[in-house]
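Laid out below as structure tokens are two forms of one and the same protein chain, each shown alone and named structure 1 and structure 2.
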Structure 1
């Protein structure tokens, strides 16, 4: 099973994205939000991202969606310390999380297929 990790500078934003992805995608896919500083401020933390990766321990692989620059850097650092299989998708965070959640429900889903599905969201036009 592929798990999804949503990393945002705002925990509330990450939680909202996870809520939308679970309701519009599939609530059976493990999806975990992480974000914000220790005092509720805006930011991301390598330790929090590492803890969230560990929270997805039942997943065989993890696809990570991120919002802004330092979220990418902190996710990459957390991945360096992670012993499981995971990858960061270069995708818009909300649409990518939704696509990833839908793809992850497939019995044939792999890390590559879920990353690819998330990244296809970059090509979506909203207007």
Structure 2
């Protein structure tokens, strides 16, 4: 099973994105939000990301969706210390999370297939 971790500078944004994505998923796909800096301000925290990864680690593999620069760097730093299987998708955070969630509901979903579904969101045209 593939779990999904949404990392935003704002916990509210991460929670909202998870809510939207969860509508497309099912109870089997865990989607976890994480956001805010070490002091609770706008930012991201390596420790919070590590804790969320460990929580999701039970899902076998984790695909991470990120927003801006330091979310990527802090997620990479957390991955250095994570022993499970996980990857960061190079995708827009909301649409990527949506695509990833849909793919993750498939019984054939793998880390690669979920990452690649998330990354297809880069090519979505809205208007």
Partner chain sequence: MEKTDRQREAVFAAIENVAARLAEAKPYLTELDSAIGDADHGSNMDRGFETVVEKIEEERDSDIDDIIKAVGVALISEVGGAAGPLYGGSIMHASDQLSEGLTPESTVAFGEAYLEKLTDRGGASVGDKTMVDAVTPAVHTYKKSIENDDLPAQEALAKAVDAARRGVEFTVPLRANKGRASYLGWRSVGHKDPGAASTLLILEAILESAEDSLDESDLEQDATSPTIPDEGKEE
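Please read these numbers as outputs of a predicted model, since none were measured by experiment. Heads up, when I say rigid core I mean the largest set of C-alphas that superpose within 1.5 Å between the two forms. Residue numbers count along the first chain shown, from 1.
The chain appears twice here, and it is structure 2 that represents the form predicted in complex with the partner chain.
On the core-superposed pair, the CA position of residue 38 changes by 4.1 Å between structure 1 and structure 2.
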